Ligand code: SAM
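Single chain ahead, by itself, as C-alpha cells, in the form predicted alone.
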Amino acid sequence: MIRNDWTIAEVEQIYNTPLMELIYRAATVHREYNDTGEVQVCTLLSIKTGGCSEDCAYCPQAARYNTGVNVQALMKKEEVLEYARKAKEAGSTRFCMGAAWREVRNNRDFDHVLDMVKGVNEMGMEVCCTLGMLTEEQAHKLAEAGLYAYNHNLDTSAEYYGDIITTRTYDDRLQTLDNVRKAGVSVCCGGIVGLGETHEDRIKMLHTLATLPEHPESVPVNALVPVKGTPLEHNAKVNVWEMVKMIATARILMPKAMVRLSAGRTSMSIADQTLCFMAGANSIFAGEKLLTTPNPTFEEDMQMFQMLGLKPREAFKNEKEMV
C-alpha cells in the first residue's frame, strides 16, 4: 500500500532491519510495483557551469571555492540538442539540463532554457531541469514548454542542512517542490550520502520525502564525490552497504518511485551496483560526466545491462500505460 503517513519510528525500524532481510523486503516490494528487468537511463548535462553564489559544501561549482571548475556561460540551444540527440542514440530516455544558478530569473537566459526544453521534448525524450529555486509562475512556463520533471534535492535532513548550506533554507527547497507540483510537473528529489551526516539524519531525510503529499516520482540517491577545494574534500568514501541501505529503505517507503543510483558509481564495481539494483534501484545516470564529476560511459553501462539481463526503460512509460 502506498503510504504518506510514515512515522519516524517506522522509517527507523525499516532502515535498521538486518541487511539481508532489508534487501529481501525491498526486492519484494520492487517486484510488486515495478518491472525489475528494466532500468531508466538518464543523461545529465551542465548547460551553465560554475560561478554559483550558493555555498553548498559539496559542490565544485560554488564561486567561493577554488576547485578548478571553469565558469562557462549558458550553452547554445543547438549544442544542447546535439548532446540530447547523442544521448538518445546511446539509449537514454530522459535528458536533464542543469544550470549552476541559485534561482531562476525571468530573463533571456530563462527564455533560452524554455527553447531548449521545447527542443528536447520534440525529440521524444522526457525533459528534466535542475536550475535552482523556482517560482510557481516559472514552473508553469517550463511545463508549457514541455518539461516533464524538475530536480531539486533536499540533500540531507532539515536538522543537518545548515551545516552544509547557509545561502538558502530547507523551507526554500520545499517551497520549490510545491511550486513544481502545482504546475503539474513530476518531482525528482533525493539526497546525498557521505556529507558527514548521522544515520538519524538519513532516516529523517527519507521520512521527509516519504511523507510529502505525493511521493517524488524520482528519488536520486547520491554518494558524495569529494572534490578538492570544497569543504568536504577530505570526507571518507561512502561504503556500498550504506548506499544499499538507503536505496532499500527508499524503495519500501516509496514503492512506485524511480529510485536512482546517481553520483558515485565510478567507484562502484558491477557487483556493488547489482546489489543496489536488487535493493530497488531502477534508474541511473549514463554518460561520462554528472555536471562536473566523473561517471561511467554509456558503453560500460550497456555492457553491465547485458551481463545482468537489464533493458532501458522506454520514455513516457507511465503515460502510455494509462492510455
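Fair warning: this is a prediction, and the values are worked out from it, not measured in the lab. All residue numbers are counted from 1 along the displayed sequence.
Just so it is clear, the following notes concern the form predicted together with this ligand, a form of the same protein that is not shown.
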In this chain shown alone, the residue from 149, 75, 99, 142 with a heavy atom within 4.5 Å of this ligand in the model of the complex is 99
Find the only residue in 224, 104, 210, 80 having a heavy atom within 4.5 Å of this ligand in the model of the complex.
-> 224
Indicate whether this ligand has at least one heavy atom within 4.5 Å of a heavy atom of residue 263 in the model of the complex.
-> yes
In the model of the complex, does residue 204 have a heavy atom within 4.5 Å of this ligand?
-> no
Quick one: is residue 130 in contact with this ligand in the model of the complex, heavy atoms, 4.5 Å cut-off?
-> yes
Distance check, residue 173 to this ligand in the model of the complex, heavy atom within 4.5 Å = yes
Per-stretch contact check against this ligand in the model of the complex, the hit in 179-187, 244-252, 82-90, 150-158 (non-hydrogen atom, 4.5 angstroms) = 150-158
Contacts with this ligand in the model of the complex - residues in 47-78 whose heavy atoms fall within 4.5 Å = 58, 59, 60, 61
